[in-house]
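In the form predicted on its own, a lone chain appears below as structure tokens.
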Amino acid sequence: MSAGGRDRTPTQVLVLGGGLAGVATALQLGEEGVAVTLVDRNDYHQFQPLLYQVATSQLPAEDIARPHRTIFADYPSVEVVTADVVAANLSERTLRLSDGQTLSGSHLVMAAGARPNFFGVPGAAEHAFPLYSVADAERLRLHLQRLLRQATAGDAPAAGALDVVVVGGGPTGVETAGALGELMAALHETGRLDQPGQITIVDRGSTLLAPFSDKAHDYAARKLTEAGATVKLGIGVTAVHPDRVEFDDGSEIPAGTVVWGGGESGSAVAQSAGPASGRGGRLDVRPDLTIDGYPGVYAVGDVANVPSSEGDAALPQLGSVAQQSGRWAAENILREFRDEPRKPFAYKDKGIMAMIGRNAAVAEVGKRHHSVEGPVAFAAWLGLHAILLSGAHSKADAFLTWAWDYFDRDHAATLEASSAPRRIAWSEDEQDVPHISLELGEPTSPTGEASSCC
């Protein structure tokens, strides 16, 4: 749906962002018949934890992006407006759209997501590929596919053209490096590539997957090394060029591709909405997810610094935090409608996990973060992602079927550069297809925001 008319009568709740947090808020309120207007620049919800699989041609982009109209088909009180938001005013609880229209509400939920943070590294914004949206993942996939097709067609690549530097040792970086390492190895073992590209993962810290246990740190480094990747720790990137990367120790390595997973900050529209930005350019919120000094305004998901109930530190930017905080904001809004006091957000920690490759995963599950790895960790990864997906797809079992078939193989990836990724059979309805728009040429500034809302 799209906005019609110059201005609108205030809706009860205005939600900015159609990611995990925004969708969770709208679904919860829609269950109660509350009038909601959800605004996002795209007509689909994207499932970020699987972006790396789109980027490495393991899944088509359409499989992790579901149209909002399908998600809310059974929620008549929820209206979806597909539009760019140029400004948010938290004092007035309004959103100004790129066509000049203004939307307002009795309540405003900021779920505007995040964008890559390049930390001022010269050349990073121009030459690195972030991985925060479906469009980002598709641009990276097309870039890699072009390079691999040239190499497998017999064209001798320039030195370092197939080499990839992955910046950031968090889950995004580790999962991407693992998938690319398996891909390069498979192409080499099957004779498609005479010389596979070298995958290097770089992080300023002393470990990969820093929030995990020492056991997980060692496991991730070992599995990536076994997949053919090089792990460089305690070193920072000082410049990114089209054909190489420079580091703060004075060294440099050739690379035709740089994947940026080195951090994120709150979306631009949130940073100019009124309140001073907190850590990471995000909005600081109270324990009940409201913003101090802005009655009727909530912030959830990756755009917010959501305080932990066990201390002053903010919760990490995880899908489970986004989804739970979105639902909690909706519950607090419903409490306001009933003239009941709001309640502090109580996060149910399901653990943290990362997929390193086929049959190789690490997970720390439960409140105490019990550490597991290998097939057991994969099962935990699978279970959590099925739970998260159930809020956006009606057939999470399709994901389970696909995943077990995909990861239960006893050999490395056999994907060829010219092959099409296998689809997850979410639905046979042709209307259940998102409209993913991106420039198909080489991006000169491949930037994007996680929620792609504004």
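Each residue number is its position in the shown sequence, starting from 1. Since we're looking at a predicted model, the values are computed, not measured.
One more form of this protein should be noted, the form predicted together with a small molecule, which is absent from this view; the next part is about it.
Student: So which of A377, L90, V80, L318 reaches within 4.5 angstroms of the small molecule in the predicted complex, heavy atom to heavy atom?
Tutor: Result of the distance check: L318.
Student: What is the one choice in A220, A322, V306, V237 with a heavy atom within 4.5 Å of the small molecule in the predicted complex?
Tutor: Spelling it out, the residue with a heavy atom inside the cut-off is A322.
Student: Is every one of G22, P49 and G113 within 4.5 Å of the small molecule in the predicted complex, counting heavy atoms?
Tutor: So, yes: the whole triplet contacts the small molecule.
Student: Hey, in the predicted complex, is V13 touching the small molecule, heavy atoms inside 4.5 Å?
Tutor: Residue-level check for V13: no, no contact with the small molecule.
Student: Just checking whether A135 would be counted as a contact of the small molecule in the predicted complex - the rule being heavy atoms within 4.5 angstroms.
Tutor: Outside the cut-off, so no.
Student: Does any heavy atom of T290 come within 4.5 Å of a heavy atom of the small molecule in the predicted complex?
Tutor: No, T290 is distant from the partner.
Student: When the contact criterion is heavy atoms within 4.5 Å, does R69 count as touching the small molecule in the predicted complex?
Tutor: Flag for R69 set to no.
Student: Choose one stretch from 248-256, 161-169, 281-289, 263-271: the one whose residues place a heavy atom within 4.5 angstroms of the small molecule in the predicted complex.
Tutor: Within 4.5 Å of the partner lies stretch 263-271.
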